[in-house]
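A lone chain, given as structure tokens: the form predicted alone.
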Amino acid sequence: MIEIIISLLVLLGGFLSLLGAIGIVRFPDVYGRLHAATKSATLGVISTMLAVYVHFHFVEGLFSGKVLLTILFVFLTAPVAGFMIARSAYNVGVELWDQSTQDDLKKAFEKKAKAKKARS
């Protein structure tokens, strides 16, 4: 039974990583590609690492704190890194896809500029 769970987690991780790779190739702009890379690839890595943890814990009888720390580290850092890359891309002027309908960051920057102008 435990081998089935491990196999399903590995397959899920591989499938999510494949979806992330397809998203990187298929999405039209850097922001969509970052979305695909951070969301699905993060979940794919976490699923695979969870399979590793389950294998070591239930099959080998070992507690692997390093694997749990890896899961926590990937879960915390990958979305933040994607966010920071997207924000940096926006700050240097990388355009949104021409069919994008919403630009929340533009509104936030305009609001921040107005507040800064009012203070000075």
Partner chain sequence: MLTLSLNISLIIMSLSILVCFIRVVKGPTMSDRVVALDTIGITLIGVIGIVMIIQNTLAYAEVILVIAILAFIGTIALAKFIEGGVIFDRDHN
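In this text, rigid core is short for the largest set of C-alphas that superpose within 1.5 Å between two forms. Residue numbers count along the first chain shown, from 1. All values reported here derive from a predicted model rather than from experimental measurement.
Keep in mind the form predicted in complex with its partner chain is missing from the figure; the text below concerns it.
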Exercise for the section: Indicate whether its partner chain has at least one heavy atom within 4.5 Å of a heavy atom of Leu105 in the predicted bound form. Expected result: no
Handout entry: Contact flag, Val10 vs its partner chain in the predicted bound form, heavy atom cut 4.5 Å
Key = yes
Exercise for the section: May I ask you to state whether Phe58 is within 4.5 Å of its partner chain in the predicted bound form, using heavy atom distances? Expected result: no
Exercise for the section: Note that its partner chain is not shown here; using its position in the predicted bound form, name the residues of 38-54 with a heavy atom within 4.5 Å of it, in sequence order. Expected result: Ala41, Thr42, Val45, Thr48, Met49, Ala51, Val52
Handout entry: Core superposition between the shown form and the other one, C-alpha change of Phe15 at least 2 Å
Key = no
Practice task
Indicate whether Trp97 shows a C-alpha shift of 2 Å or more between the shown form and the other one, with the rigid core used for the fit.
Solution key: no
